[in-house]
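Encoded as structure tokens, the following chain is the form predicted alone, with no partner shown.
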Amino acid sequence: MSDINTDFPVPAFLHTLLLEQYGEADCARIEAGYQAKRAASFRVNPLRATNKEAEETLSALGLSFSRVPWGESAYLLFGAGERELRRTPLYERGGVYFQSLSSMLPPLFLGAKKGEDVLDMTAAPGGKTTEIAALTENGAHITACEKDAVRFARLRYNVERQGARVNLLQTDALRLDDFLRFDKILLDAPCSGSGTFSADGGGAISPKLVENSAILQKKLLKKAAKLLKKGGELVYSTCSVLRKENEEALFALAGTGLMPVPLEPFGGLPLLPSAEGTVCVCPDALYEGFFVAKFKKIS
């Protein structure tokens, strides 16, 4: 296999990292996933609509869709359906939210419950934040952080549109008071995007971005450990398939009192080899590349 696919040029450094980590067969799977034309996916927002309403709208438009087995409100939409659905009153009132299937996974693994204090450390644009609100029927006490002003505005817009009850903080999660405590924490960490690389949108990936992302991820993980209540649970996720940002970043939790909670992957996920108990999704025609791990604070 050459360093660069001439039909779809993956940066040489990224190809080398993938080849070293996964070997030729899985490297080829990942790079084929980069080239795949991915079907649109969305979830119905039960705070604004029902699955029946969504399916009736889709059927009336003559759109082709299917349910996702592991997601109570998750759907795949085929053809040019996304453009059509975005024009409907259902979409306008926040009844559906377009979100990649992979990004729907972390809130499901988090398993937040009504009455719990939940922190989303890097929340924009709000897909996972509002998913947690939907899964708990607005019964969890959710705090969502975003430091960037433009991204924070987008987060606020999505939260309000979907009717989610969330305490929004325009701040860096690293600046949160260490005396705060949460039952559940979602850290969907900033990353290189090596799982979502594409010819159109992935050109910014670089060795420096991978290195800087790993440094920030470790800082955020250590902060999450401080903010988690004893008995509380942390879900860490990235849209990267690189071990440096995934398994190796988790070394930051050593000595923090957090222990791994093995994840049972949902059926049908295109998995890549990863540390025991973690889930690493291979990019393909349905999924973006994604990594998820879970921990519980025992001391």
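All figures in this text were calculated on a predicted structure; none of them were measured in a lab. One rule holds for the numbers: they count along the sequence shown, beginning at 1.
In what follows, reference is made to the form predicted together with a small molecule, a form of this protein that is not presented.
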| item | value |
| --- | --- |
| The small molecule in the predicted complex: contacting segment from 221-229, 147-155, 87-95, 206-214, heavy atom within 4.5 Å | 147-155 |
| Residue (of E82, D117, D172, E160) lying close to the small molecule in the predicted complex, criterion heavy atoms within 4.5 Å | D172 |
| Contact residue in the predicted complex, chosen from A112, I185, L105, A123 - any heavy atom within 4.5 Å of the small molecule | A123 |
| P190, heavy atom within 4.5 angstroms of the small molecule in the predicted complex | yes |
